[in-house]
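The data below hold one chain only, encoded as structure tokens and taken in the form predicted alone.
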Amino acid sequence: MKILVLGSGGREHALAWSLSRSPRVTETWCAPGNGGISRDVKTVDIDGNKPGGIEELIAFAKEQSIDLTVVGPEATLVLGVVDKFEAAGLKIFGPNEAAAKLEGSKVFMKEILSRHNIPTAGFKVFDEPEAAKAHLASTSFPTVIKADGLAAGKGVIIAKDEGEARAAIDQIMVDKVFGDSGDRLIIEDFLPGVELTVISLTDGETVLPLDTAQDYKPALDGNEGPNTGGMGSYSPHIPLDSDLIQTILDTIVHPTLEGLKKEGIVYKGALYAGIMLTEQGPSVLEYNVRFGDPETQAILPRLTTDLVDLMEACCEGNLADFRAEWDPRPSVCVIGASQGYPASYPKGKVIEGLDAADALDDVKVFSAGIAKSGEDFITSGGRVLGATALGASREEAREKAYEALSKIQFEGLTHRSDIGIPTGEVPTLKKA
């Protein structure tokens, strides 16, 4: 069986690596991949997010007789890659264009949640900056301001006061720092609590939750500093068989999928629910229509069930026949980033020690922003790599992950030192 993974980051490396380990798989490709991914699987320089890229990918999949394509990044899904592959008679894992709008438009997502009475923060939608600013007079602070469209995880600003909120509105709608994604914005009530990620697989009917993970968005220790794409993760976070997870499935995930279905949209693929655990109960912060990054790098090394089987079942509509089994050992993934990330950062720094880190027991280094220059691996992104380790305890996994990271050197390497330490007390729900 031949597999094609679309994307170029650490999440895609984890997906390609996990799929390539299946005894059913004979060949794995990643498009476009990156220099570090090429250490594990074949890469081909085709980017589905560029004009004509999807058509090139379809031609490649036919030429190579690809049996299953797996989509990593949200932008490619929003462009309708699934619809186009299926129209060409090719099997592909991921939601179609209509379903991908759940992440492609925050306004669409909030309106779906509102219409189907799914818990989420109160919100208002604006399509011009002065009206948004006028609304601030009746807003409680802090408040949350979100660009409507895709913004690579950076389109959400928590404003502590009216001055910060006005600046955020100008940044999104006037300065257009997120381009057309800022044509509309949402002003949303701030929800205090503890964040939780729940990623599920679904074939449109059955929902199979994956084991949970904790993400660390802020750049600095203690959850300080600007938000990033994620500086690390650990798994498991909350037991899958807990009342809390069942409550989230019953009150959020299932009703969302049923609500979409009532509106003519069948969702297949991976669904990432970003949840805030508040005093009133779980509430939706966001939906992503794909695997999380870096949660995937912590979750998949613990999955002992064949990922190919699960993804095929989602495509074919028989997920109810499968279950997921897990290595009981915890995992921790620590991101090594370029100096300056998430703002501007240098590229082209030579990376050493990747082989030494990978040689450690129960360690895997996933490549996010790595390119190949001759025989050298060099930095090419803000988040450069993720060192993931399994351990008998979370503390042991932390020690191994940081030991692996210590083997790797490049000029300006930065990381958080508190990945794997819980960031807040998780409430427990009692059975009725």
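Given the structure is predicted, the values throughout are model-derived calculations rather than measurements. Heads up: residue numbers just count along the shown sequence, starting at 1.
The following text describes the form predicted in complex with ligand AMP, which does not appear among the structures shown.
Name the single residue among V207, V78, L90, I158 that comes within 4.5 Å of ligand AMP in the predicted complex, judging by heavy atoms. The option sitting close enough to the partner is I158.
Quick one: of I265, L220, V144, V125, which gets a non-hydrogen atom within 4.5 angstroms of ligand AMP in the predicted complex? Of the candidates I265, L220, V144, V125, V144 is the one lying within 4.5 Å of ligand AMP in the predicted complex.
Out of 348-356, 189-197, 318-326, 332-340, where are the residues with a heavy atom within 4.5 Å of ligand AMP in the predicted complex? Stretch with heavy atoms near the partner: 189-197.
Within a 4.5 Å heavy atom cut-off, is D83 in contact with ligand AMP in the predicted complex? Taking the distances in the predicted complex, the answer for D83 is no, it never comes within 4.5 Å of ligand AMP.
Closest heavy atom of K106 to ligand AMP in the predicted complex, within 4.5 Å or not? Yes, K106 is a contact residue.
M276: touches ligand AMP in the predicted complex, heavy atom cutoff 4.5 angstroms: Yes, M276 sits close enough to ligand AMP in the predicted complex that at least one of its heavy atoms falls within 4.5 Å.
Determine whether any heavy atom of E286 comes within 4.5 Å of a heavy atom of ligand AMP in the predicted complex, and answer yes or no. Flag for E286 set to yes.
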